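What follows is a single chain, given as structure tokens, in the form predicted on its own.
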Amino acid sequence: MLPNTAGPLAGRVALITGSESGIGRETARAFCRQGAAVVLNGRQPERLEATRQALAAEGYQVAACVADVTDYAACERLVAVAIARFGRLDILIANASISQRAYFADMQPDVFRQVLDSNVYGAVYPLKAALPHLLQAKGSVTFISSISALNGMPSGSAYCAGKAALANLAHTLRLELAGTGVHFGVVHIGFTQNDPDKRVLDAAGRPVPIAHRPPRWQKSQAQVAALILGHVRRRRRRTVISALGRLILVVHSLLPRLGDWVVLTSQRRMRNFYE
């Protein structure tokens, strides 16, 4: 397969953090199919290289850089790879993050910080390093958030706090950089099929197994990637993925106590399904 040089994103360069696997990998594939050159990122060299090779074998223009996005110097190297390889940077998708399954009272403080840092600084540092190039290109920035940021989620305190911060960050940046032509948006993802080894931490920082939800309650990674692509192409401010997320958004704005009830009820039903 030859690169899609006539696609709607031909000539554009996208950097997608956390794209060695999962939603990030499928988002990279979706952007490649539209003609973009993509810089892949992750922390596991072997997995990242496997993803790069797979996309390159499909004929796409891809580069890869191992980088921890909570390290600013590593983010500078990541952006440097994009510029050295493709000469420009038009799109940043801040996708990399760590999730949790632990109640606040039980969490070790360093675990809370690790989850929060991954979701906040893991988006801030790549953006800070990339911003001069994005300003030059009048490009696009999208923070990958969650529907749990709209109303909170029991057992997800640090994750929810970090994802909620991204919405206010995007809003502030739209105000500060109004007139520059740079797009800032947030995508709130709902229940999605995950890789079996997705990084989710317990209260002590140990990895925990991923819950397998009924298919009718979740979207595939490719479906979510297509929605992220549409969000970027339309330069939307906010996209909420899932009917539950849209319901939470409306109810939380008008009847916040009812919003809490919706979240708690949905969690009880999920627990009952697995028991």
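In case it trips you up, residue 1 is the first one in the sequence shown, and so on. Quick caveat, the model's predicted, so the values are computed rather than measured.
There is another form of the same protein, the form predicted together with a small molecule; it is not shown, and what comes next is about it.
Only one of I98, M153, M107, V79 comes within 4.5 Å of the small molecule in the model of the complex through a heavy atom, and that residue is I98.
Checked against the small molecule in the model of the complex, the candidates F184, F191, F112, F86 yield a single residue with a heavy atom inside 4.5 Å, and that residue is F191. None of 167-175, 143-151, 201-209, 129-137 except one has non-hydrogen atoms within 4.5 angstroms of the small molecule in the model of the complex; the exception is 143-151. The small molecule in the model of the complex is approached by V69, whose closest heavy atom lies within 4.5 angstroms of it.
V13 falls outside the set of residues with a heavy atom inside 4.5 Å of the small molecule in the model of the complex. In the model of the complex, the small molecule stays beyond 4.5 Å of every heavy atom belonging to R237.
Although the partner is absent from this view, R47 contacts the small molecule in the model of the complex, with a non-hydrogen atom inside 4.5 angstroms.
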